[in-house]
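We've got the same protein chain twice here, in two forms, each standing alone as structure tokens: structure 1 and structure 2.
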Structure 1
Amino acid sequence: MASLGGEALTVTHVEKKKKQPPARYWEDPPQQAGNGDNNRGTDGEQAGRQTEQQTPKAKKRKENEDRGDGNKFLSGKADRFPGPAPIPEDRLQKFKRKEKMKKPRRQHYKLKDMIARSEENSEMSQIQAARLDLLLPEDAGFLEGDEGEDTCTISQEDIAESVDITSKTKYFDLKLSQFGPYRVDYSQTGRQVLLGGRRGHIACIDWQSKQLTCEINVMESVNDVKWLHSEAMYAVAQKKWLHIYDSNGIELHCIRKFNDVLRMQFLPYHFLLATASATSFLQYLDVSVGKEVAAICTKTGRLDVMCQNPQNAVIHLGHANGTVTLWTPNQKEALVKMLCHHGAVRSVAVDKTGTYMVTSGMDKKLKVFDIRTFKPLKSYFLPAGASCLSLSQRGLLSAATGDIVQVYRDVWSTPVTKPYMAHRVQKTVWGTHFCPFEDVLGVGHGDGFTSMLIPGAGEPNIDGLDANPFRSAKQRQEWEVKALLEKVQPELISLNPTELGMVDRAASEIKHQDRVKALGFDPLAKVKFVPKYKKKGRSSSGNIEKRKRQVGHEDQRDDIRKTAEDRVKIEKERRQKEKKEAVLSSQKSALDRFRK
């Protein structure tokens, strides 16, 4: 119990100044904090007084409230960061799948409940994925020049000098002047690179350890090379036929159905190899069963510009008349035809999100399109024109102009004036490909192969269950089995890849047509009236005709009645209107009394 004297004593007592806790940067400046403390203290006192006056019940309730309050610890200190940690909106947006559904109109309580629950679940998973995003181990690479220095002036040697030893080894040059120019393809995981020389030289290289897996010469001109689903097999488009080799260089298949192939694309989730030939055929080969899925005659001449949209597996072909056409194996005609250039299309590339398409043409222009709306976004003029386009996982664009490889950044969002990086190789560039999950661009040219360092090109964080560069043999086997099991059927390829998850709101007419097709007859069609045969001469032809007319008249009766009713109604309205007008016109005005 504190007496008055005691209180006086505490005031007068000369004590050591209490030690202040060390200042933290997140705290307010000390003065303010002190004020806050004081305020809090007085608040507490006031509260104390109030509780003294309150009834015991209210007191207990108050205590409960305090205990239930998550903002306080046992020590009585307030939690500085109450509740779950906030997640930035853009990160949440990254994992958003689709918009919220509209509530069903009628009282479908079960449906409502189901929708509410599934939405709750998806929201939770979205939040959790966004939270997990924070824990990803790697950050993307970057390159920043000094003040006033352009990054494109920094040479590869300088970059290689200033990065670590392992990365330094990723900048190298292979001098292969004999069989050039070379096409390049990296495998899905980015561990292996496949080089295909125009004059028949094929080489698979584990490019990080610089070990040669296999090297052959097919003694024939090579148009294109492509890895299939794993590092064990690759396809080579040779002078006449399409050949498939394994990683030891043994020829597995020679596919005679695919002739004069110029370009190839592999759709990894469908196990389809799409080929474009000089005879203007677009063909699809299912590599899991070895069957041709579709052969489409595009009737557009030689097809040597091709790329795929990785989001929906639609094939983009560029043509000599400046159009780009979009194809699926399910349709004999192009899904979309876009006129992109005045002059032939030289190269096409689609970004990882399936949003943007970059094209370059003989008109020396580089154009960016939004392929969701098929609208041009940006158009750049390159004095030399770009021959090989390729997009990296993080959206860097490499364009080859003659023997110079230029890399651009943010071509679709901001108007670009200067390249991000540039590099000159020995001879004309014939193929470029960004290595997945690495900051590396592989360039095949007339004098061999160059591996360039492009900081910020690759996706920094890998997913172990998909394309994992560090997977063991066992993991690869397991992945292969799983991937084959969930091979997406070619029928499911369409412009919108999420179409399968939507409700098919076909119009009732279309549904009816489908039903008629399935049944072979129209179940709702009116049965034609056939008069019953009556005996005793009642079924004379005149009688039958009469009965038929009767039925026909009955059918028309409703229509006739309705039109008659309508007519009466219209007549009535007209009369009312006339009456009204007549009344209005017959109304006397004030001036009428002066009229004689």
Structure 2
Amino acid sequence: MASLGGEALTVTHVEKKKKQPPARYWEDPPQQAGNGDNNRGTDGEQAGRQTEQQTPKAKKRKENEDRGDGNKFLSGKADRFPGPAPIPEDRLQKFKRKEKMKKPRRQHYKLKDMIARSEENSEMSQIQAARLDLLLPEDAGFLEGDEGEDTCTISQEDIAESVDITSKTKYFDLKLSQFGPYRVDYSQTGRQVLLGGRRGHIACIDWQSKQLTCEINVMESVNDVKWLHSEAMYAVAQKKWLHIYDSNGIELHCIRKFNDVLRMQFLPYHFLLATASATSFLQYLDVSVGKEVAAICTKTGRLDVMCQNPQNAVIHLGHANGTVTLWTPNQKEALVKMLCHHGAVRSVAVDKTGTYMVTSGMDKKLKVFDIRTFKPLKSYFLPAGASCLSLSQRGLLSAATGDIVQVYRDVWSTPVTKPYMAHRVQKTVWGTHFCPFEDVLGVGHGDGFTSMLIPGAGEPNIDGLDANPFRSAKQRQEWEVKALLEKVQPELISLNPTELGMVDRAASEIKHQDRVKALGFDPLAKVKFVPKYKKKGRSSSGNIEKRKRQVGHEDQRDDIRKTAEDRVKIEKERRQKEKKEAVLSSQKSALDRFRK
């Protein structure tokens, strides 16, 4: 009793009680005090001392650990749908990058790890892209007429009256009859339009706000205009030489190596300006350093038909003999020569996927080619031919015939019998260009410039890291620095971009032969197996021969396994062939009734 009384004196009735924190619903409820002596025993006192000794950080850490269960809510209930949300299989297939590679069997463990990491990264990117596809809700719409009504009969005025005020302002005409006809080019973001008149007039316009950025007259004829990597610089192909101007109209450079330039194309990921001249020269200018990269004499005469493949940065040139040639800056000869028309080629266009090429010629035909096989897919006859071709981001094709602009839809998938839309301008069309990320087609003609509304032409979902129409000046500067750091070298331009990830086996074999000659022996040759000496009688002649036979059988097993796989493959092909012949033989022909 004395000891019990001594312990009771440590806590008096006059001691000030500590205020307990308010109870939270996610914490365990406090135990109710009982009537017995168990609550006041030694165990209870020790637990109380431990809780008093804990620091506030430790208490907070313990609370976070208690609440850190991902399968439970704060209320303590279990999650009805644990784990990440499932992704539909069709959406995963949409973003699939590559098939899984066959890993080597024994050696090359580093290669195995590299292949495994690459497949994991590819799978993770596929899953993330499929999940983020929900953040791209915008879809491209198309113009649909009433029952029995053709969409090509709907005028631009009717469309402008039916759409909202913002879209209505995108249809307008600029009457510039004094210095026409005009070439047209939109910037990568689609905010700025560059107009170049044949008689020297050049204008940069923010076409959405209708603000004039700059306007100059170079006092000589202008053949083509082209924006460079940003809205701050553009190139003008004048009568004699190539000139570079800034957005204020100030001349920055006059490049006299590029003379008599007729057409230009800018490769944004390589910072290359490709020019085609009247002297049959194809030249490349690196605008990041201001140096000429390549000058190729095509020996095909005047070059006034030119376009680029956005997929692999290959330049397509059309010639007067009806051929289309494909060029890269790292080769002096044409990669491919295609006979497309019986007359001269008037215009060429390639879609953004790099799969289809559309050409028009003096034989009044419009042809669609598959660049993967270099074979024609469709051929259409136009009564007056097409002079200017342009493809939109969604695959719409614009073809100018005199003063009429016609827009076609799905020209490579289904036979086209009539245009999707049509519009007549004041004078002959000299250039057409679809605006990126907008349902707008810019038409330059002899009487000025016309902005047409083409529903379904632009890409509705914008990639803000590549070309952001809403970026600020600071964002543009940061993007320009990153683009320069990630610039692709011109030596990497090829007809098949996937070749960069392949191994050049021929070159590796030549290097191996040179190495053998220098060393005097083959370092990769298979070393003869020498059994390791073991103690306690395990290196007797019988055991050594047994180990040699085991190692020798491994090579035989690989050969036998490979032979068995080849035999199974040949047997499978034979069965499929027999099955196909049986199906063909079971089909009856109309001539079978004449057989005896």
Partner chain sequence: TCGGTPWLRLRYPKCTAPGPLRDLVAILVLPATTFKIKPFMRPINCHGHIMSLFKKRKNTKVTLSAFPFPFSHQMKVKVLSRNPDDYVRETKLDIQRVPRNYDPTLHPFEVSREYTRALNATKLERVFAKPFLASLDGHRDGVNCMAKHTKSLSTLLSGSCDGQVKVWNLTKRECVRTLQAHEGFVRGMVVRSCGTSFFTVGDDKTIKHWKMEAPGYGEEEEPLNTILGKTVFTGLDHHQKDAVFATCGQQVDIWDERRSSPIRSFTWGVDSFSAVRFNPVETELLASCASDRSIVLYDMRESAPLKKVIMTMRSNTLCWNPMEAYYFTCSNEDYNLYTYDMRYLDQPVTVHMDHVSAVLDVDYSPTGKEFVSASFDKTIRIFPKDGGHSREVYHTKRMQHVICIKWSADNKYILSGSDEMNIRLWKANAAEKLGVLAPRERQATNYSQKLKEKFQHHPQIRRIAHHRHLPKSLYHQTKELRVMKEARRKKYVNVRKHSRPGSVPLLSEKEKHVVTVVK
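Rigid core: the largest C-alpha set superposing within 1.5 Å between the two forms. Numbers given to residues start at 1 and step along the sequence of structure 1. As the structure is a prediction and not an experimental result, all values here were calculated from the model.
Structure 2 is taken from the form predicted alone, while structure 1 is not. Annotation: Cα of Gly520 displaced by at least 2 Å between the two structures, core superposition.
When two forms of a protein are overlaid on their rigid core, residues whose CA moves 2 Å or more are considered shifted, and Asn121 is one of them between the two structures.
For Gln93, the Cα coordinates differ by 2 angstroms or more between the two structures after the core has been superposed.
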